[in-house]
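As structure tokens, one chain now follows by itself in the form predicted alone.
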């Protein structure tokens, strides 16, 4: 029997969609087990928009749902984006029609992954999303396939290249957040509305997916604790460097006795650590298992080439591999996602205070921390030009976050303190 030709429908012809069309036009027989992948239908917001690849010979659909259910496609690729709307409707329609789905949509999987997994498994078709996390770097396959013989206890890393570029440039050039963000937008690293990236939501979608794969639980984006980098001050980057740290946006998921803790925070990472040395738009991830130990992967997290390569790899899996559960175990067996309350978290912290230049300030702060049960690990007082006061930086020993919050609330009320103390976590990686 001759190798099968797979007819592919692609919704979304932006950077990734264009890269995928270009790749499959050049290498339709790329799949290792043989067969061909041919684009037979496309849809996008605009039919007339100039594109780098000719789509005149491909059937055009105005409605993504019509493409997803067309009898002229065998596999549906969703690259539209967004957790709801046309993307969700089209993916649901494709799965109900018994068609395999490949998507790069991290918001869709993080927010609706469990219900979509149930649809896919009821229809007996794959739902694959390698490109949704870390672009072309195979984080999803690592957890869904390579780690099934181990018990994963935690994942942590840098999952948003835009934020990493901004923090790296602020440190290297001494530029403000606003200045570097503007440059990132001009270079195409950041969107005109950068909220999803700099607000930490993009990284939270991704680590929610990784948590579901790692721990066999239903994705629960609503349970993620999220803080972005929009409030990271250049002053903190300079002071952290003096203490031997770099600031990175760290996304992590940990399995504890109380449940699963999923969080995204700007955090201090010790200089020389692989995550501290991950610069520019790169992504990086640690996976820790009880048997294998720690695995580190690093690579490009976005871009036409890497992300399209990840989509193509999923297409090849549909063409060559048997269907497996979407999140390591059948949808009906996914454990409920029990979130750990943020106040119960214990860890080291960085506190930066801006105080008046007067006698007794340090004693008052130290006394307040002692009364709250917060132990100081290190202390730094360093005059900084144009800071508006005297910066004092403290790092603490491991402490419950509820205790630390109480201490911050009390310090803020001291007469010599000019603003609410700035809290940053020190990464436990």
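Numbering follows the first chain given and starts at 1. Just so it is clear, the structure is predicted and the values come from calculations on it, not from any experiment.
Note that the form predicted together with a small molecule isn't included here; everything after this is about it.
Chemist: Report whether all of 9, 27 and 140 sit within 4.5 Å of the small molecule in the predicted complex, measuring from non-hydrogen atoms.
Modeler: No: no residue has a heavy atom within 4.5 Å of the partner.
Chemist: Contact with the small molecule in the predicted complex for residue 55, defined as at least one heavy atom pair within 4.5 Å: yes or no?
Modeler: Contact check for residue 55: no, nothing within 4.5 Å of the small molecule in the predicted complex.
Chemist: Hey, in the predicted complex, does residue 301 get a heavy atom within 4.5 angstroms of the small molecule?
Modeler: Close contact exists here: in the predicted complex, residue 301 approaches the small molecule to within 4.5 Å, heavy atoms only.
Chemist: According to a 4.5 angstroms non-hydrogen atom cut-off, is residue 80 in contact with the small molecule in the predicted complex?
Modeler: Yes, contact at 4.5 Å.
Chemist: Decide whether residue 104 counts as a contact residue for the small molecule in the predicted complex under a heavy atom distance cut-off of 4.5 Å.
Modeler: So residue 104 counts as contacting the small molecule.
Chemist: Only one of 162, 267, 307, 278 has a non-hydrogen atom within 4.5 angstroms of the small molecule in the predicted complex; which is it?
Modeler: Of the listed residues, the single hit is 307.
Chemist: Would you mind picking out the stretch of 399-407, 47-55, 370-378, 32-40 that comes within 4.5 angstroms of the small molecule in the predicted complex, counting non-hydrogen atoms?
Modeler: Of the options, only 47-55 has residues within 4.5 Å of the partner.
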